[in-house]
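One chain follows as structure tokens, the form predicted on its own.
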């Protein structure tokens, strides 16, 4: 269920998405408000779960993680025990940045960030040793054209 968010909340959220390290004074100035109401709204948005966490965005290539793979997974197993084991395996792997269960021919898609193809193979071998998977297709991203964590407000 969507939280009640008004235009001022959206303005504050847009500022936080752009740069969460801004001071309350800066956010208040940019949104045409004052510090205390901005702080109260941010607390309200946190309490409602709209703001889940504060974090930083790192440059993966500068950290030696130059390869991004999209991994398409098909499984012939859909029992809850298998799903639980699969989800635990994904949660334990820091290389998995995103995991989605899909409708259609592919059951899951993973976004995996590693140093290179050899590192991907280490990830792949470990995953298939932990969980039975019917079919895996790995797609190497040649170029990241757009990447953002900012939601459209």
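Numbering follows the first chain given and starts at 1. Please read these numbers as outputs of a predicted model, since none were measured by experiment.
Absent from the display: the form predicted together with a further copy of the same chain. The rest refers to it.
S.K.: I'd like to know whether residue 18 contacts a further copy of the same chain in the predicted complex, with contact meaning heavy atoms within 4.5 angstroms.
M.R.: Looking in the predicted complex, residue contacts with a further copy of the same chain include residue 18, since a heavy atom lies within 4.5 Å.
S.K.: Taking heavy atoms and a 4.5 Å cut-off, does residue 121 contact a further copy of the same chain in the predicted complex?
M.R.: Residue 121: no contact with a further copy of the same chain in the predicted complex.
S.K.: Looking at the partner-bound form in the predicted complex, is residue 141 within 4.5 Å of a further copy of the same chain by any heavy atom?
M.R.: It does: once a further copy of the same chain is placed as it appears in the predicted complex, residue 141 has a heavy atom within 4.5 Å of it.
S.K.: Please determine whether residue 32 contacts a further copy of the same chain in the predicted complex, using a 4.5 Å cut-off between heavy atoms.
M.R.: Heavy-atom contact with a further copy of the same chain at 4.5 Å: absent for residue 32.
S.K.: Just give me the residues of 20 to 55, first to last, that have a heavy atom within 4.5 Å of a further copy of the same chain in the predicted complex.
M.R.: Sequence-ordered list: 20, 21, 48, 49, 50, 51, 52, 53, 54, 55.
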